[in-house]
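Shown below, as structure tokens, is a lone chain in the form predicted alone; questions about how it binds or moves come after it.
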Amino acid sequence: MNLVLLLEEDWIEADCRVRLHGRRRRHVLEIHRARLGDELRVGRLDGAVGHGCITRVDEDAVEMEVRLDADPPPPLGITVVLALPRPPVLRRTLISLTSMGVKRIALLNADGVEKSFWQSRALDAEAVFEQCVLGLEQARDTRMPEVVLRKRFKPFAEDELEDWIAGGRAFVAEPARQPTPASALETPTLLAVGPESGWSSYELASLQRAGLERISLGIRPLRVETALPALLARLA
């Protein structure tokens, strides 16, 4: 936790004093080993960042006086469309994408996505929120990403995707013998990454008809956790 993210329910005095419970209290005391009078980096959800000074510690909570006087880091101008991965991978991926500054994420169905994935508790709004909070804390960010679920591939590809691209460049990741040279990449608005088994031929053709250009890191099929950071680093 590089930043203590302050939620609306934490505030006990408007804009100046907060009370933290649960995981964040434990992290402040057990990981940071903070004590009375210590200062920590803090930020208000979807707001400014600054510092908080610990003014009280008890068995249930930690209280801090805070001052918020700076902007969070700028967002990464890339939307990610991701074929829904296995639940453990999804949890790690949401943390990673959020920490890299992605602010719009669509979790999409595909032929290579098992139906059972859509029943996972990892997709519950509370679970998604918790993983994004971890990503924000890691990156000292406060702006919560938008995460949407799209359980039907065809309507999304045919009816929504063009608006998501909004006139910018968009790419669909697919293994190829030759990696896409960095010189061919301009600032994109969207990156689509398929299941680890790959997009089907129909899905790939549909995405290309919607205006997505193919991008590749090489011939090797990669795990989602490997491919996404590598692609975002190149595109950003």
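All values derive from a computational prediction rather than experimental measurement. Start at 1 and count along the sequence shown; that's the residue number.
Another form exists, predicted in complex with a further copy of the same chain; not displayed. Remarks below refer to it.
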Does a further copy of the same chain come within 4.5 Å of any heavy atom of residue 155 in the model of the complex?
no
Can you check whether residue 230 is within 4.5 Å of a further copy of the same chain in the model of the complex, heavy atom basis?
yes
Is residue 96 one of the residues lying within 4.5 Å of a further copy of the same chain in the model of the complex, judged by heavy atom distances?
yes
Contact flag, residue 139 vs a further copy of the same chain in the model of the complex, heavy atom cut 4.5 Å:
yes
Work out which of the listed stretches, 104-112, 67-75, 118-126, 155-163, brings a heavy atom within 4.5 angstroms of a further copy of the same chain in the model of the complex.
67-75
